Every structure is written in structure tokens, then in C-alpha cells.
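Two forms, one protein chain; C-alpha cells for each follow separately as structure 1 and structure 2.
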Structure 1
């Protein structure tokens, strides 16, 4: 059995999934996920099952981004020559270190660190470090820092400014993600789970928790990724708009040909990464959104009164109109105490549905009109589906277990990693970069045919996927790019430089 856990900003959901589909589900309120909450959740759903794998998604990093609660970061850069280093400044404290790695991974100038960073959270990025991480590692050893992220851990892309920004994002994300990882580890250890733990990334693929810890910013979009993957798996739809109504936000994600659409990069108020993630429109509205006399306040202050909060929220407005979610008496009391009426409840629900229908229509346009179905998830899906269907030209489906779609999505995701191979045959060296980087020897001076290089990157991608906990074969790998050029020294061809990129196709284990 696979246990999926979706740790949102309001609730933590879990599902036990096997060959026959969803076996057990659970939902616990938790604004800050702790080992105690996870332990209670695991104990509630896993009794009597042999657990083979635990897969988690978390909005902990995303929530701290939007709440401006991530720590400040010092970015230490080793740009070498040929670049205006200011283009790689990605933090409020940017320090330049002398040193250089050339495009072939050779250290042409040893690094010299002559100042300490201002912040205890540090990102160290050297140009061309995916081809030789030694300079970053040497610099990091000389710094006094509590948290360090290294540029080669971010991935194999050679876009130095983009990798510097992504490394800074990883450094800032590490403390929050590490807290979550430790909570999961404590909970699974206490319950004697002899099962590996994996983390869902923002593109809907999953990797081992160790690799995710090196690059925690890759989890930024894991919330909408898990819910959209789960809704596709539960409904069996291949072309759809996936809608997940949470406590804080509503995620709207288009899917085509059985998988959510993705886009490269994420940016929010100085936080920037080059990681691919699902293409999701996030409305700042959910079940716990505060309701005032002016309508929806577009913020979450507490749980809805129906679930123990004091002030009226969107869930309470639905209850005033007869939804029957949670403590309906508390909802009606909160509305009355705030001087709000049934007409006010109808107004805010109409306001929400209008914004949601606009977001759904935008998702249909992004998917070039393919979706004919909207798949609705979240605890409020059943209350809102008929209203949405009246506003959009789509059939609206609420599958069984839609209230824990994110947890199901964690269990349904395939392991998928992007792997970049760089060969410098005159030096007899190959560098393989996935979430981390490793080197191996190759025959000096060897020249590869296109087919041989294709096979090399496929084999390395399979190996990297297995290291991340996957079971992919060569048939599951797609090659994204292959480039080669000869190296001529003293008028003689000494070998070639070759680059290839591939990944295991992200996908879903259909339930």
C-alpha cells in the first residue's frame, strides 16, 4: 500500500491507496504540521496495512513565501569571467568571490573568500558548477553559516543568473522544509514504518526526500500538483479543468491528455526559481476566507465558525444557505453576531462563483479548448459544483474521495527526474546532473554518434530515477535535447563536447 499525505495550510489529508484504489482516508485540522499531527493521522489510516511507500506534498514553503516569512539570504557568487555579475544578484546581500571554473569544468582560478556573509542562510553559486562542484564545496567550507545551499544541487542548467536565483530560493526554503521533513521522519519512526518517504514536486513528479531536501524550492507548486493529479486519477478524465477548494486558496489547473499542463519557473516578490511546475491559477479565496459586510475579505484569519473559528467565513455563508458543513448552528450564530444576513451569504457565494468561473474559463483557453469537464475537489466541492455548472460551459464532476484529492495525488504520482549529461571526452570526463551532480570517467577522445549519446542519457536517467526511488525503464524516458561539437586543439580534433537532457515522463498510476 502507498500512503499519500497532503499537508495544506488548513488541513492535513491522508489516503491509503492500493491496487484496488483508495482504501482509507482521513482529514485533520492543522495550520502547522507537527510530528504529533502526522502521527495521529498515520495511526488513524494505516492500521492493518503493510505500507510500501509514503509520499507527501506540502504547502509549507509556499505559505511562507506568500506570507513573507522566509528568512533573508546571503548569495555568494563565483562568476569567473565573461559575465556582468550583477545579473546574478538574487538576494538582499550579494557577495562576489574571486575564482573561476571554465565551460569544461576546469578550475582555472582557485576561490578566495575574503568576507563573511551577513546572514546565517547562505547560497553559494559558481558558474559552470554542475560540471565541477568542487569550487562551491570549497567556498562553503570556509563560511560560517547555519544553512547552505549549493548551486550544483539546484540542477544541471547552465543559466547562471537563473541558477543563482534558484539556489537562493533553495537556501531560504531549507529551514521551513527541514522542519516538515523532521516531523514526517519522527512520525514514521514512532509508528515503525519500514517504508521510504518521497516528496511531490511542483510538476507532479516525486523524488526521494533526500533529493527534495537539496532543492526544497522545487516543492513550491506541490499543492496544486497533488490535487490536480489526484482529481485526474479519481475521475479517470484526461482532458479537464481541475478545481481544488482549500481553506486558504482555490487552485484551478488545466489538464490535457491525462496530465496537468506545466510551465517553467516560479516568481513571487523576489523569490524566483527555474523549476517546472503545474500551470495553476490560485484564487486567494477558500472555505476559511473571512466574510465582512463588504463581501469576501480575500484573506484567511482563522477557521470558519463551522470548524471552531470565531468570525464568519465563506464556509459559514454556504451553511447559511443550507450546505450543512460542520457546525451549522455556529455558522448561523457567527453570521448573526456580525450583523450579516442570508442575502449577504448569497452575495459572497455569487462573488466567489463568478471569480471561479472566470478562472475556469481561463484554464480552458490555456488548454486550447480541450477540456469539456471540470473535476471538483476539496471539502466544499459538493456544495459548489451545481453553481459552477450553471456558469460555465462544462460538465462538472465531483469524484468519490474528492475531499482528499491531494493525498490521493501523492499516492498516484510517478517518480520522474530530469537528468542532464555533459561529456568532455578530451578530458575523459562525464558529469551527470539531476537534483545533485556526480562525475564519472569516459574514454578520452571518444566521439559519440547521436544514437550513442541518446542511449547514454537514457541510461543515466533510468539510473537517476532508480536512485530517487522510481522503477522506470528505458521506454519511460523522453530525450529533450542533444547537442555535440568537436574540440580542436593545435589543428587536431581531440574529441568532443556533448550535452543531452532527458527525463522520465511525468505521469499517473491510474486507479
Structure 2
């Protein structure tokens, strides 16, 4: 059995999924997911099942970004020679260290560490570090810091300014992600799950928790990734607009050909990464959005009154109109106490549906018109679907278990580890990094053809996927990048340096 866990900003959902589909589901309100909450949740659903793996998605990092609660970071840069280093300034404290790595990964100037980072959270990024991690490691060792993120761990691509920004984002995300990781570890240990834990990235691919901890900023869009994958899996739709109403936001994600559309990069108020993520539009509106006499306040203060809050929120407006979600009496009282009427409730629901249908229509546009269905999830889907259907030119479906679609999405996502192969044949070495990192030796001076290298990375990806509990075949592997160049010294080819990146195409186990 696979346990999927979706830790959103206000609720944590879980689902147990096996060969025969969804077996158990549960939902608990929780603003900061602790080990205790997870333990309770796991205990509720997992009794009697053998757990093969646990897959989690978390919006913890995203929530802290939006709430402006991430720590500041010092970015220590080793730019070597080239364009002005200011292009790579991405933190509020940027320090430049002397030292240089060239395009071949050779250290052409040794680092001189005289930086004094102002913050205990530090990012270290060197130009060309994916070709030689040693300089970043050396610099990090000489700095006094509580939390360190290294540029080469952000991902292998060549883009120093982008990597510097992404590394700073990773450093800032680490403490929040680490708390979550420890909570999951402690809960699974207590229940003797003895199963590996994977983390869903924002593009719906999956990595081991260790690798995810090196690059936690890659989880920023895992909320809409898990919910859209879950909604597709539950509905069986392949071209659709996926809508997930949460407590704080509503995610609207187009899907084409059986998978959500993705886009590169994430940016919010100085926090930016080059990671790919599902292409969702987020309305800043959800079940807990505060309702005042001016309408929807576009912010969350607390749970809706129906779930224990004090002031009236969007869920309460739906209850006043007869939705019957949670404690409806509390909703009525909160509305009355705030001097709001049924007409006010109708106004805010119409306001919400109007914004939602605009977002759905732009998602249809982004998917170039292919979706004919909107798949609706989240606890409020049932009471909003007919209103949405009146406004948009799509069928609206609410599949069974749509209230925990994010947790189902985690369990239904195919194991799709991303694998990076780096060959340095003059040194006779190959490094394979995916869930972990391992080295093996290759024939010194060996030169690969593009095809051979293609085959090597495909083979390694299949192997890594199997080790991670997946069952990918060669045909499921997508090669993202192959770069190779000859190393020529004194007019002699001494071998080659090659980088290849592949992944098992993120996919869905249809339920």
C-alpha cells in the first residue's frame, strides 16, 4: 500500500491507495503539521495495511514564503571571471569570495574565504560548480553558519545567476522543510512503517526525502501538483481543468494528455527558483477567506466558524445558503453577529464563482482549448460545482474522494526520480545522482557517442527508479539533456566530460 499525505496550509489529508484504488482517507485540521498530528492521522488510516512507501507533499515552504516568514539569507558567491557579479545578487546580503572554476571544472584560482555572512542561513554558489563541487564545499566549511545550501545541489544546469537565486531560496527554505521532514520521520518511526519516504516536487515528480532536503525550494508548487494529479487519477480525465479549493487559496491547473501542464521558474517577492512546476493559477480565495460587509476580504485569519473559528468566512457564507458543511449553527451565528445577511452570503459566493470561472477560462486558454471538463476537488467542491457549471462552458465533475485529492495525488504519482549522470573520463569516473549519489569507475579516456551516453543515462534512470520502488521501463524515460565535450590536452584527446539528465516521465497511476 502507498500512503499519500498532503500537508496544506490549514489541513492535512491522507489516503491509503493500493491495487484496488483508494482504501482509506482522512482529514485533520492543522496549521503547522507536527509529529503528533501525523501520528494520529497515520494511525487512523494505516491500521491493518502494509505500507510500501509514504509520499508527501507540503505547502509549508510556500506558506512561509507568502506569509513572509522565511529567514533572511547571506549569499556567498564565487563568480570567478566573467560578467559583473551583481547579475547573481539574489539575497539581501551578498558576499563575493575570490576563486575561479573554469568551464572544464578546473580550479583556475584557489578560493580565498574572507566573507563574513551577516545571517546564520547561508547559500554558497560558485560559477561552474556543477562541474566541480569542491570549491563550494571548501568555502562552506570555512564559514560559520547554521544552515548551508550549496549551488551544485540545486540542480546541474548551467546558469550561475539562476543557480545563485535558487540556492538562496533553498537555504531559506531549509529550516521549515527540515521541521516537516523530522515530523514525518518521527511519525513513521513511531508506527514502525519501515517504508521509504518520498517528497513530491512542484512538477509532480518524486524524489527521496534526503535529496528533497538539499533542494526544498523545489516543493513550492507541490500543492497544486498533488491535487491536480489526484483529480486526474480519480476522474480518469486526461484533458481537464483541475480546481482545488483549499482553506486559503484555490488552485486552478490545466492538464493536457493525462498530465498537468508545467512551466519553469517560480518567483515571489525576491524568492525565485528555476525549478519546473505545474502551471497553476492561484486565487487568493478559499474556505477560510474572511467575509466582511465589503465582501471577500482576500485574506485568511482563522478557520471558518463552521470549523471552530470566530469570524465569518467563505465556508460560512455557503452554509448560510444551505451547504451543510461542518458546524452550520456556528456559521449562522457568526454571520448574524457580524451583522451579515443571507443576501450578503449570496453576493460573496457570486463574487467567488465569477473569479473562479475567469481563472478556469484562462486555464482552458492555456491548454489551447483541449479541456472539456473541470474536475473539482477540496472540501467545498460539492457545494460549488453546480454554480461553476452555470458560468463556464465545461462539464464540472466532482469525483469520489475529491475532498482529499492532494493525498490521493501523492499516492497516485508515478515514481519518477530524476537522474543526473556526470562522466569525467580522463579521471576515469562517473557520478550518478538521484535519490542519493554514487560513483563508479569508467575506462580512462573513454569517449562516448551521443547515443551511448543517452543509453547510459536511460539505464541508470531505470535502475534508480527501481531502487526507489518504481517499475519504469526504458520506454518511460525522458532524456532532458545530454552535453559532452572532448578534453584535449597538448593536441591529444584525453577523453571527455559529459553530463546527461533524464527522468521517468512524471505520470499517473489511474485509479
Partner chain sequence: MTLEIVYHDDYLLHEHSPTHPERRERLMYTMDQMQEEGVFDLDMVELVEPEAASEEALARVHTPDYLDRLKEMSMRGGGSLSGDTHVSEHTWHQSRLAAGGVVRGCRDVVEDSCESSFVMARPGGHHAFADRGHGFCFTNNTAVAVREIQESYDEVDRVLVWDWDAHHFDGTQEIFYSDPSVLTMSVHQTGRTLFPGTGYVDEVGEDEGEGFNVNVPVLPKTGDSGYLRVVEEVFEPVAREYDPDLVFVEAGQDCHFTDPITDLGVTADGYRRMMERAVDLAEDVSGGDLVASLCGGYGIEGGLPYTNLAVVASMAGLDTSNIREPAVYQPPQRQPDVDDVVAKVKSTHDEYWNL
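Take the two forms, find the largest set of C-alpha atoms that superpose within 1.5 Å, and that set is the rigid core. Positions refer to the first chain, counted from 1. Predicted, not measured: the structure shown is a model, and the values here were computed from it.
Form assignment for the chain places structure 2 as the one matching the criterion, namely the form predicted in complex with the partner chain.
Superposed on the core, the two forms differ at residue 418: its CA moves 2 Å or more between structure 1 and structure 2. Positional change of residue 9 between structure 1 and structure 2 stays under 2 Å at the C-alpha, relative to the superposed core.
Comparing the forms between structure 1 and structure 2 on their rigid core, the Cα displacement of residue 489 reaches 2 Å or more.
Taking the core as the reference frame, the CA atom of residue 427 shifts 6.0 angstrom between structure 1 and structure 2.
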